[in-house]
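This document starts with one chain, in the form predicted on its own, laid out as structure tokens.
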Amino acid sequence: MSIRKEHGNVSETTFNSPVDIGPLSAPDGSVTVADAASTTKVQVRGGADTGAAAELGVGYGRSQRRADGALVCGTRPDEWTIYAGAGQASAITAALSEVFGHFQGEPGEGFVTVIDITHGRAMLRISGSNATAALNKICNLDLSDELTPDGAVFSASVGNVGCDLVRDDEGGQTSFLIGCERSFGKFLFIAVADACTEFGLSVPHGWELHGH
């Protein structure tokens, strides 16, 4: 098994997000957009028939929250992403290394990689009763409850940015985590915030969509 941390991870406690404002909320609370770039993001790749896959226990397109609060997502076939609170990458990769190491050498057990991608990915969270309606304006997929229920994991274009999304409702309220390449993080935040203005969200000067 390979455990790798991306180049440029100087410290898990000094993460610099491409978004330095927020959260932004409509006065009635119907939609909120918040930066979540400091979320720990650990990518696991391995065959679907491996012990590592069985240990993760989540199929492609679904997610499950562990007892420790980490969210395990079946991001793509043979690929998972684990999201957790800020600064937990080392602990998560170490724990996965220990668990997955028990499977190495067993018949049919393939090569598994665990990569800390925290600093390479921007992320935001949009929540509220109007979150789906706002996203539907700029997303190329139907985000209805029938097609993207709580727990759904999928990839889509949001504001013309390729993104990984998780429907991760909180307290009975609709909520989506949206991740993309770090270099597009600020533009994505601006595009999502702009889609929310129809529902009363006010965008600070300099963060308007037009002119960027």
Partner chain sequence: MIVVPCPNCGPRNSGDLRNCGELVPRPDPSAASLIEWREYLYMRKNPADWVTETWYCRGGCRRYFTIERNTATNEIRGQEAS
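Not measured: the values here are computed from a predicted model. Positions refer to the first chain, counted from 1.
Beyond the structure shown, there is the form predicted together with its partner chain, which is absent from this document and is the topic of what follows.
In the predicted complex, its partner chain lies farther than 4.5 Å from every heavy atom of residue 187.
When contacts are judged by a 4.5 Å heavy atom cut-off, residue 141 counts as touching its partner chain in the predicted complex. Contact annotation: residue 173 falls outside 4.5 Å of its partner chain in the predicted complex, judged by heavy atom distances.
In the predicted complex, residue 77 approaches its partner chain with a heavy atom inside 4.5 Å. Though its partner chain is absent from this view, in the predicted complex it lies within 4.5 Å of a heavy atom of just one residue from 30, 155, 38, 64, which is 155. Contact with its partner chain in the predicted complex, judged as any non-hydrogen atom within 4.5 angstroms, is confined among 155-163, 22-30, 50-58, 66-74 to 155-163.
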